[in-house]
Ligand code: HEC
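Before any questions on how it binds or moves, here is one chain, the form predicted on its own, in structure tokens.
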Amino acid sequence: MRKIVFFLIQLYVLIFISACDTNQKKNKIPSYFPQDKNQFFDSVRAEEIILGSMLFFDKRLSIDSSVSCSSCHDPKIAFTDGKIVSDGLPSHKSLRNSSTLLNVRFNPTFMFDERAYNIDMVSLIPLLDTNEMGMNWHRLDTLFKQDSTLTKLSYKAYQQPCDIRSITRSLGAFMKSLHFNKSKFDDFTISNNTIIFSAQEIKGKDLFFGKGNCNSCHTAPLFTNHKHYNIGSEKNGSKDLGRMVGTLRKEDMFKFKTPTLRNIEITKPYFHNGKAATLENALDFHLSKDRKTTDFDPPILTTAERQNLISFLKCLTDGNYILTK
């Protein structure tokens, strides 16, 4: 049975990688993306990406073979899972909402609380988390010793067995390959032709970069500045302390990383705790008067302006992830 399942995983991965490879050839990194934050993708080889993609869908990376990386980062929904907070091992939950992995190669830091600074090592956090995948260091290092397929792939990629170093490096390589820039906003950026947008979308764009001041934190073209802010999403008494978990500084309490808005039409629910079910809910929460903090003073927008802003946000949906109506 395991051989059949593994064969189906391999088949799915090969189809997925083929699609990604085609996309990458047509989809070179445009000059308006931050080249200095490109996480050294030029050094990544196809062999590494293939190994990483195989591991990404492999449930054996969890202690009881119940979840894989793709369980929380599903390619069909822009590498998120559509849940308030992600499911982990049976009867366990992740701490937070699942973030998209698209364009993560440009990130200087990772996780809502900035616990990781290296894309090659970021996968260790969920792998070793007792709620998420529950693995231990020794088992992870020896897990695929008898797996001839992954062993061959690892030697081809790194000239070494499929140990913990090969696992983390190849998962990092796979994540680096997930670059997409085919949204309506990208078409506009390249052409500078506003005819691409509807009248409502143009008004929303002007609000985003003007009165709404959204671009100060959700900075184009990645639509995040990778910084951490307290926007009033957590209150005193909350168990989730945000960035303070990593820095232990009181001033970082309840500060969370600014998420990307790319593909936000798809990546619901919203915020680190998944508290907003729809874009409308998210915007209403974000702009409510009691959200004001030392980091954030929400602008006052009319109902019509909010609708225009949402119309523009939907222009950030990548062409490869257009929702089926």
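We number the residues from 1 along the sequence you see. None of these values were measured; they are calculated from a predicted model.
The same protein has a further form, the form predicted in complex with the ligand, not shown here; the description that follows concerns it.
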Can we say Ile77, Gly82 and Ser288 each have a non-hydrogen atom within 4.5 Å of the ligand in the model of the complex? no
Tell me which stretch of 178-186, 146-154, 117-125, 192-200 has a heavy atom within 4.5 angstroms of the ligand in the model of the complex. 117-125
Interface check vs the ligand in the model of the complex: of His218, Lys205, Arg169, Arg243, the one with a heavy atom inside 4.5 Å is His218
If we define contact as a non-hydrogen atom of the residue within 4.5 angstroms of the partner, is Met133 a contact of the ligand in the model of the complex? yes
Would Leu51 count as touching the ligand in the model of the complex under a 4.5 Å heavy atom rule? no
Would Leu279 count as touching the ligand in the model of the complex under a 4.5 Å heavy atom rule? yes
Report yes if any heavy atom of Asp163 sits within 4.5 Å of a heavy atom of the ligand in the model of the complex; otherwise report no. no
For the heavy atom contacts within 4.5 Å of the ligand in the model of the complex, list the residues of 51-79 involved, in sequence order. Phe56, Val67, Ser68, Cys69, Cys72, His73
